[in-house]
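Take a look at this single chain, the form predicted alone, given in structure tokens.
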């Protein structure tokens, strides 16, 4: 049974921030990391929310996530950056880099940054939202651990490698694409495994490259590198378009890892006890580079209405655009959050070590 526990957002902010500070992060980096995690849960993306706190705490203890409050600029031009995260926490690294990109784009219309030697940075959409708040276009890509099996292959070689693009609108909600290039992210399998529920056969393959509905088996195979893994967007078959998801995932690896001279594919998370080598690609485009913010927002409203007001399929009463459901979820979860009882128990288990406790409401 999927039991849920309600928690106050304010209590979670204090709890998660304090745990990260006790692990060694400074106030600013702890708050940034907490904000990224909570936004994921608020927007209904539980796979990337506070359920991941245990992995971050473990990473810091094991030394795979370094304690550093700075980013190292390897190369800089008026419109670009190459950043070395020095193995630090991914969220503060990406946040600080995106702030630099926004400032450069305000002055020079565009800025793109590629980041090497980072760690998991949470939901890709957090950083595109940063650009949207400044009425600019945001781009956010990241590679990840090798979890996805290429079309016609048996073993996982590339990551879930998400893509996020945010474009502002006027009266309509902004267009905010935030998607894995796999059929689902690993975190979704973890959710199903916790619940003991079967997954869609389209989502993953076993050690022989055959589609399976057993989430726990897939996750254990990935941990032990026995073969199999997540399917690319479109599934494991070329017939259903899996080769397109495979191509998109490889493209993210190229932009994130190749362009930064960082790690790609099976080189990410390759050595236990060492930094993951995760790489990101961030971009900001000032609308003034094109027809200007007013025209773009007006035209986006027109296009969004065209999409949403098109004729609906039988039995359907609404058409959504990318990010719309998540914006509505965030609005509902402004003061409190509902989490799985297993997540609640794990959080308090972490907190016990630091004399911190969460209370349900």
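Positions refer to the first chain, counted from 1. A quick note: this is a predicted structure, and the numbers were derived from the prediction, not measured. Take the two forms, superpose them, and find the largest set of C-alpha atoms that agree within 1.5 Å; that set is the rigid core.
A second form of this protein, the form predicted together with a further copy of the same chain, is not displayed here; the remarks below concern that form.
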| query | finding |
| --- | --- |
| Residue contact check: residue 307 to a further copy of the same chain in the model of the complex, 4.5 Å heavy atom | yes |
| Contact test in the model of the complex: residue 182 vs a further copy of the same chain, heavy atoms, 4.5 Å | yes |
| Heavy atom of residue 312 within 4.5 Å of a further copy of the same chain in the model of the complex | yes |
| Partner contact for residue 137 in the model of the complex: a further copy of the same chain, 4.5 angstroms, heavy atom | yes |
| Partner-facing stretch of 214-222, 74-82, 121-129, 89-97, counted where any non-hydrogen atom is within 4.5 angstroms of a further copy of the same chain in the model of the complex | 74-82 |
| In the model of the complex, the one of 318, 332, 70, 61 near a further copy of the same chain [non-hydrogen atom within 4.5 angstroms] | 318 |
| a further copy of the same chain: the contacting residue among 103, 288, 172, 190 in the model of the complex [heavy atom, 4.5 Å] | 288 |
| Residues in 185-212 with any heavy atom within 4.5 Å of a further copy of the same chain in the model of the complex | 192, 200, 201, 202, 203, 208, 209, 210 |
| CA of residue 211, rigid core aligned, shift of 2 Å or more between the shown form and the other one | yes |
| Residue shift check between the shown form and the other one, rigid core fit, residue 264 Cα at least 2 Å | no |
| Per-residue C-alpha change between the shown form and the other one, residue 189, threshold 2 Å, rigid core fit | yes |
